[in-house]
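Before any questions on binding or motion, here is one chain by itself as structure tokens, the form predicted alone.
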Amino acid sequence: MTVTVKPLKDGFGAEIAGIDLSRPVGGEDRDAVYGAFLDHHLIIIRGQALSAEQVTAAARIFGDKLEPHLFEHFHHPDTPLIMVLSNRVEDGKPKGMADAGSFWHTDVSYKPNPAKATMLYALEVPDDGGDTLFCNLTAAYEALPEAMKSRLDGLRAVHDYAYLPRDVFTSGKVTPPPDCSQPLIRTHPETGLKAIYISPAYIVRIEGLADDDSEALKKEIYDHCLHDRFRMRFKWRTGDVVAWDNAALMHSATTKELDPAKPRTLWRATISGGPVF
């Protein structure tokens, strides 16, 4: 086995070395990558040079089934299983989605079977700006007082992709899926660890509570989870591959703050998951 795993200093995440994702990954190397993904919630593999086919093959390390993004107009020209994130404009048209979610969210939480994992591959990134923020919802749960754990246990929230208004929804270009209900506390299907399962950009309300009480509890949860001790900022390098566990983390892009003159292009693959418990 050639893979080495080096945990980051921020309390979660690990950098993996000794692997070339342009070649098939199997055996102990594949097990090591997936084990690090489960143990550290987020993994970084530097210095890759990948085709679209190699990106989808690498994404399958984290799950057999990949799913296309709802925004078909930003699919990669070679495969709908990759979404292009880019602020470049070519021939007067955007090359990809310029702002891939500059708000805190958990990918595809608005579907009954949300994304298990997300993987991004950086083709070009600026020297400054375009970072991605991550929040450790497993650590946030573990730090809750026992009384709050008991209070949240059994509560459910309604997730709606169109909760934050977007032009593609209001124009009818994209039809969002129906909203769905998810538990506020979820148990990881493989590690058994519990996490606060929130997606501030998509949670409309907490079921069974009056509107004012729902908003107050949402704010209390968000304020707790977004404390600095549960957060990290990831600075991209060209050739980076980053994959994270959506059962343990939420994230936010910072692309709204990025100078449009600074090119940033990433490819995104989404690994399908199962129902949340």
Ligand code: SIN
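So that there is no doubt, residue numbering starts at 1 and follows the sequence shown. None of these values were measured; they are calculated from a predicted model.
Separately, the form predicted in complex with this ligand exists; it is not shown, and the next lines address it.
Stretch 98-106 is the contacting one of 164-172, 74-82, 183-191, 98-106, since its residues have non-hydrogen atoms within 4.5 Å of this ligand in the model of the complex. Of the listed positions (V125, I206, A115, L120), a single one reaches within 4.5 angstroms of this ligand by any non-hydrogen atom in the model of the complex, namely L120. A253 is the sole member of A253, L258, V25, A14 with a non-hydrogen atom within 4.5 Å of this ligand in the model of the complex. Although the partner is absent here, F230 is not a contact residue: none of its heavy atoms lies within 4.5 angstroms of this ligand in the model of the complex. Put simply, D160 is far from this ligand in the model of the complex: not one heavy atom of it is within 4.5 Å. Contact annotation: N87 falls outside 4.5 Å of this ligand in the model of the complex, judged by heavy atom distances. Interface residue remark: D131 is counted as part of the site for this ligand in the model of the complex, having a heavy atom within 4.5 Å. Judged against this ligand in the model of the complex with a 4.5 angstroms heavy atom cut-off, the residues H41, F62 and K65 are out of contact without exception. Residues R264, R268 of 257-277 are found to place at least one heavy atom within 4.5 Å of this ligand in the model of the complex.
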